[in-house]
Ligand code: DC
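We begin with a single chain expressed as structure tokens, specifically the form predicted on its own.
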Amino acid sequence: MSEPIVIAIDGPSASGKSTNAKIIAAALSYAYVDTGAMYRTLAWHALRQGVDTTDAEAIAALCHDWPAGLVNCEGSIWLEVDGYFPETEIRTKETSAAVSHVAAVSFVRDWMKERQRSCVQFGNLVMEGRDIGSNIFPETPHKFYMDAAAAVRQARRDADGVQDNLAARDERDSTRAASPLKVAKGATIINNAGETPEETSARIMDLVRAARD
């Protein structure tokens, strides 16, 4: 049996990772994995438990034995906590403000890496995040880094009515010690400014097909 195919899509906030990853996963009938949602789920759990999300030791201790497990629900893979996926709660302003701190903890990134790599148990994947090509699946030949100018990405956030300081988030993600956001070796940079998601995802799928052929 051949090894599962992994399409890794990295990039900063509002670069279009999620939208394009979902389109590609649906078109190819691959499972979709939003790794950012996994970190958000831990951040939500920490807030619910009253744990200081800026306390790295406390977050590591919480992550060590929190009741989370991987679930594949109709082609989307996520972490459930005690059998519950906080789909709405992880998108709140409070969780968004906490997730960068949680994601910077070295133990958390190691724990997440193990779970994210084990997602291949569900078959072919489109996995998006900030360190997929550089850290989680560096061996995949299908690595993409999505980007657009900071002003373009901020405009997208503003249009969605989401209050988010992208400059500050970019700084935290790219300078953290554990698995910082960067262009993975061998990744194709996709600047999608001025493109529709359908145009961008078609470009990526063409490149994947060409590499496989």
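Residue numbers run from 1 along the displayed sequence. Since this is a predicted model, take the numbers as computed values, not measurements.
Keep in mind the form predicted together with the ligand is missing from the figure; the text below concerns it.
- Taking non-hydrogen atoms only, Asp147 never approaches the ligand to within 4.5 angstroms in the model of the complex.
- The ligand is not shown here, but in the model of the complex it comes within 4.5 Å of a heavy atom of Arg109.
- In the model of the complex, the ligand stays beyond 4.5 Å of every heavy atom belonging to Gly186.
- Under a 4.5 angstroms non-hydrogen atom cutoff, the ligand in the model of the complex has Ser100 among its neighbouring residues.
- Contact with the ligand in the model of the complex, judged as any non-hydrogen atom within 4.5 angstroms, is confined among 147 to 155, 62 to 70, 166 to 174, 47 to 55 to 166 to 174.
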